[in-house]
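So this first bit is one chain, no partners, the form predicted on its own, shown in structure tokens.
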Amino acid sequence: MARVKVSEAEKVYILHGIRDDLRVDGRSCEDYRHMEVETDVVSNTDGSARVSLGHTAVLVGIKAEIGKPRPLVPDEGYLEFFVDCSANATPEFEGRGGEELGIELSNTLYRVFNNRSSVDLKSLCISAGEHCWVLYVDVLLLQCDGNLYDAISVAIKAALFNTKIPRVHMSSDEEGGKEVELSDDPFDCVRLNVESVPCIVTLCKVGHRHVVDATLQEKACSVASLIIAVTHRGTVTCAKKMGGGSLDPESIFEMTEAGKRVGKALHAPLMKLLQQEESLGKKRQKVGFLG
């Protein structure tokens, strides 16, 4: 993870501000930085999205391919995650540093999204035990200024909303075997229901309080963090503690409640924005991830 060095005087200034619910950039403890979301930015994918959160920028592309269901769940499809930490985001991502962080992010994303409570995996099944859709989710970190998990989760939800899966028709050959036929019509596709797809809220313990969407400077003053995946109903689907410090039970309870409150409030404006952008159709002005 990208880090910055903060002097003792800067730490005191940040700690006192957070104590009084006034952060360095003017936000309160439960406020996000300015967020921009754009979908359909990569042409050779089935769904894509770009998200910028402050100076953190993430690009997500999704490819749908036909695969074989897993033996334990023969009537479900599944998602695979790969995170590429670009060395352009921060010099710390060069070599093994970026590779280790990418594996850590991929494992956490798998726990958050690849379950029945997050994505309707049964809708990805084509023929039980034989064929299913596998969604390959590729995440590229373009710029890093803290709070990667939140930005990535919003980008994945937006990309899943934008994903168009070709409609499948099953037919039988002369020998009685099943054949899979994909529709040639680009408009004859299936969309995923992303209403229950969670968003991740990262809360950092700074002093005696906790903050949402911490910058790298605030992260340097934090002893520990709590990552919470929250659905639009405020249900927690996954929680993970990070950092070398400890969290007492009272802090964990307060941070969980704050995460549920912030996460639940994040879904409605995000879905409204995605639906408004899609309603524009070809009139939508494309900015692109280099815009």
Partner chain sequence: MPTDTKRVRAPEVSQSPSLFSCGPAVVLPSHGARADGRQRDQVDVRPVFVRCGLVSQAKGSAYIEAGDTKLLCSVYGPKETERKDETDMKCGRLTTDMRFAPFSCPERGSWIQGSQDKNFSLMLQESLQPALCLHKYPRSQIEVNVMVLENSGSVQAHAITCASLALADAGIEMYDLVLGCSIRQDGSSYVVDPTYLEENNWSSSEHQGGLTVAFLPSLNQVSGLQSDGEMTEETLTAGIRTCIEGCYKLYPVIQQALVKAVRRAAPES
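This is a predicted model, so every value here is computed, not measured. Numbering follows the first chain given and starts at 1.
Only in words, not in the display: the form predicted in complex with the partner chain, which the text now covers.
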{"item": "Interface segment, criterion being heavy atoms within 4.5 Å of the partner chain in the predicted complex, picked from 262-270, 49-57, 29-37, 241-249", "value": "241-249"}
{"item": "Residue contact check: residue 209 to the partner chain in the predicted complex, 4.5 Å heavy atom", "value": "no"}
{"item": "Partner proximity in the predicted complex: residue 116 to the partner chain, non-hydrogen atom cutoff 4.5 Å", "value": "yes"}
{"item": "4.5 angstroms heavy atom contact with the partner chain in the predicted complex for residue 41", "value": "no"}
{"item": "Partner proximity in the predicted complex: residue 78 to the partner chain, non-hydrogen atom cutoff 4.5 Å", "value": "no"}
{"item": "Residues in 99-128 with any heavy atom within 4.5 Å of the partner chain in the predicted complex", "value": "103, 104, 107, 110, 111, 114, 115, 116, 117"}
